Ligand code: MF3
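Given as structure tokens, the chain that follows is alone and in the form predicted alone.
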């Protein structure tokens, strides 16, 4: 069952979303060559807690950190630690915040220093795929319209969609129904209605779509070791259209929302 939220509940989720956006902006300011992913995790957790929130990921099914930090060929769920960022890396950072009983969730893939043209194209394609999916978050559309828009934008850009990982509903819990694949046929699946809130999150690869799970049972990488990108927003369907709950002025000013 897809849980619909009231306008008041969506506003509460947006307050959590502001903390998420500010945490991502802060991480982006410090994500540079020589910094470890563990240091970024500590920075994000301190900020989230000082803002009155709790890092949703920490302890979730045993996950040991506050953010996911996934460099280069790591698609998602990279555990922060001793990995030291280097010039030319790309780093996907996923942040979830629980505030006042509601969750907001967002991800951004950062360029570390100067990156190559192929990596730039991958990141731009993933951003475009995210916004193509968000544009379909309108009452009267179908879930498959979101999936199809993401797949089309990705494949037209020459990249592949990870098919074994999905977006999801979000609200009082981090993962609610429905699952939202990043590929599919338009006009299929449940009809969308105002009050639904989704985490839209394309995960796309420069190479093939296949992925592998690491021995830590969390980190997931491309099977062919190609670069991967991950962008995500928490989006509410409203009578006025899609409302991005994880955007803020801070993020815009930091150049993180395009």
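Positions refer to the first chain, counted from 1. Every value quoted in this text rests on a predicted model; they were computed, and no experiment measured them.
Quick note: we don't show the form predicted in complex with the named molecule, though the next part is all about it.
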- Segment assignment from 207-215, 188-196, 53-61, 36-44: heavy atom within 4.5 Å of the named molecule in the model of the complex: 53-61
- Does at least one non-hydrogen atom of residue 148 fall within 4.5 angstroms of the named molecule in the model of the complex? no
- Partner proximity in the model of the complex: residue 131 to the named molecule, non-hydrogen atom cutoff 4.5 Å: no
- Should residue 27 be classed as touching the named molecule in the model of the complex when contacts are defined as heavy atoms within 4.5 Å? no
- Would residue 31 count as a contact of the named molecule in the model of the complex, using a 4.5 angstroms cut-off between non-hydrogen atoms? no
- Query: So which of 48, 220, 229, 68 gets a non-hydrogen atom within 4.5 Å of the named molecule in the model of the complex?
  - Reply: 68
- Task: Heavy atom within 4.5 Å of the named molecule in the model of the complex: which of 84, 121, 175, 163 fits that? Just give me the one.
- Result: 175
- Query: Taking the named molecule in the model of the complex, which residues of 1-32 have any heavy atom within 4.5 Å of it?
  - Reply: none
